[in-house]
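What follows is one chain in structure tokens, specifically the form predicted on its own.
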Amino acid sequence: MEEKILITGITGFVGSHMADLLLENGYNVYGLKRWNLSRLRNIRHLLNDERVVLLDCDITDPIGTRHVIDEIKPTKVLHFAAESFVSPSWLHPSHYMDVNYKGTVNLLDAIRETGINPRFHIAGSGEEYGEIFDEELPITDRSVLRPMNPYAVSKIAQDLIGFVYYKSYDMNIIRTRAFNHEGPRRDHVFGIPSYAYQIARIEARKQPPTVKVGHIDDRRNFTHIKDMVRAYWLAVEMCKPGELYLIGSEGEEYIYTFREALETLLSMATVKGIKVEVEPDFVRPTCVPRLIGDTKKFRELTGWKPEIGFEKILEDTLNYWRQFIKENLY
């Protein structure tokens, strides 16, 4: 049977890299974008590729969602469409639930009504764990959930409704929770790309030599986006429906604070003596001090391991923003 692989959120950070991976491996892909809201810069290199079929769909609209699912009848769905930036979720909690939870329900209902049962990957977030204490590390699939922001609540709801549809309707729901993944194309509202973007602007003499930051002492395990999309594809191919799998680079060489990431980026800058200043608007009402996961279950099943180191993650991110500034796209 011909593979019909659907990527929701193909214009985003993760979705665009997943499209690249699938095309490199000989697959054709379908991608959902919002006709009037999606930014196409992440897939500008794919816009004339005949192997990519882009369809307009806002997953918060059940009618439009049902139409595209019926048109494609996908055999695999990689669900990345989401509101993913944490900070606005305090001001827009209902919107985050509309997109992340209700949008997922719309997709799952459309699949049921179409009479198909593709392998459907729900990409969860380590942010769902929230307040984890040192003695509770590393995080496992059985760790308690203490979400610290509305975004995390919406992702928990998305994950659990997937489990409900697996149990209730025997749908092939693949559930993962991934820890921080970084690299080119991640928007500069997030921590590491924000630092890299500002450094690139400073190098181009487009802003004063000060990087503005929020809280930078939270500790994470970091994975390159190219390693992460490899993991996601292995999850779709190999993981057991209904089960929960944690994904991330858990070795000590991948665990850093955002402060350490910033210091490394500053050492890569062509301008020396750049200052760092806390911007109150960047400081969230609550923070998540530590998110370090135990990914043994996933690694033993799939054989996946990260191949790209932490410094390369930072270097690729900085060079991405340098190129965009050079092209006057920002």
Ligand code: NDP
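On a predicted model such as this, the values are computed, not experimentally measured, just so you know. Start at 1 and count along the sequence shown; that's the residue number.
The form predicted together with the ligand exists for this protein as well; it is not shown, and the discussion that follows is about that form.
A single residue from the set Arg34, Arg299, Arg66, Arg290 has any heavy atom within 4.5 angstroms of the ligand in the model of the complex; that residue is Arg34.
In summary, among the residues Ser249, Gln198, Ser84, Asn106, the only one with a non-hydrogen atom within 4.5 Å of the ligand in the model of the complex is Ser84. In the model of the complex, Met148 stays away from the ligand, with no heavy atom inside 4.5 Å. Proximity of Ile72 to the ligand in the model of the complex: non-hydrogen atoms within 4.5 Å are absent; the residue sits far from the partner. In the model of the complex, the ligand lies within 4.5 Å of some heavy atom of Arg39.
Taking the partner from elsewhere, Ser194 is found to have every heavy atom lying beyond 4.5 Å of the ligand in the model of the complex. Residue heavy atoms within 4.5 Å of the ligand in the model of the complex occur in exactly one stretch of 139-147, 252-260, 167-175, 121-129, and that stretch is 121-129. For the stretch 36-67, the set of residues having any non-hydrogen atom within 4.5 angstroms of the ligand in the model of the complex comprises Leu37, Ser38, Arg39, Cys57, Asp58, Ile59, Thr60, in sequence order.
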